[in-house]
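Just one chain follows, in the form predicted alone, and it is written as structure tokens.
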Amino acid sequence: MIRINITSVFVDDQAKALAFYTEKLGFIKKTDEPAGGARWLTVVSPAAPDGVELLLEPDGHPAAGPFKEALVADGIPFTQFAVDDVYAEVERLKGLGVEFTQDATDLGPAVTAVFDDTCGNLIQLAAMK
């Protein structure tokens, strides 16, 4: 059976991304190994430390920058994270200084919010009702 074990998000600075994803979002560092001029740097949810890893991948490829910029310009999140209560998570993250481009919004079957990860991406939070 095929399963997802690693997914990635392009970041403009791995150290800044690690700080944001751990100190603000609450993920924990799983892997940090040298990889050429960068690092193989992953984080996981403390709720699933052996679950899916998020690779904080350098955006050095020439296509990555324009791709990220186009998504942000159109207000499109790069990826989505699940939470139990979007309203509570938005308030918690705002208290930590996280900037939202979309506050918690009831969309019928789901509640979503979108924030800036400070590394060139918009990220969506979602909870199904």
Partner chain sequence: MDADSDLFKAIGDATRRTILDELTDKDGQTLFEICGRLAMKHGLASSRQAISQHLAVLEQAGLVHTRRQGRYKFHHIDPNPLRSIVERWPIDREEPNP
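Positions refer to the first chain, counted from 1. All values reported here derive from a predicted model rather than from experimental measurement.
There is also a form predicted together with its partner chain; it is not shown, and the following applies to it.
Listed residues Leu18, Val9, Leu25, Val114 were compared with its partner chain in the predicted bound form; Val114 is the one with a heavy atom within 4.5 Å.
Among Ala88, Val72, Leu96, Ala35, the residue placing a heavy atom within 4.5 Å of its partner chain in the predicted bound form is Val72. With the partner left out here, its partner chain still marks one of 56-64, 42-50, 72-80, 27-35 in the predicted bound form; by a 4.5 Å heavy atom cut-off that stretch is 72-80. Among residues of the shown chain, Asp13 is not one whose heavy atoms approach its partner chain to within 4.5 Å in the predicted bound form.
Contacts between stretch 104-124 and its partner chain, counted in the predicted bound form as any heavy atom lying within 4.5 Å, involve Thr105, Asp106, Leu107, Pro109, Ala110, Val114, Asp116, Gly120, Leu122, Gln124, listed in sequence order.
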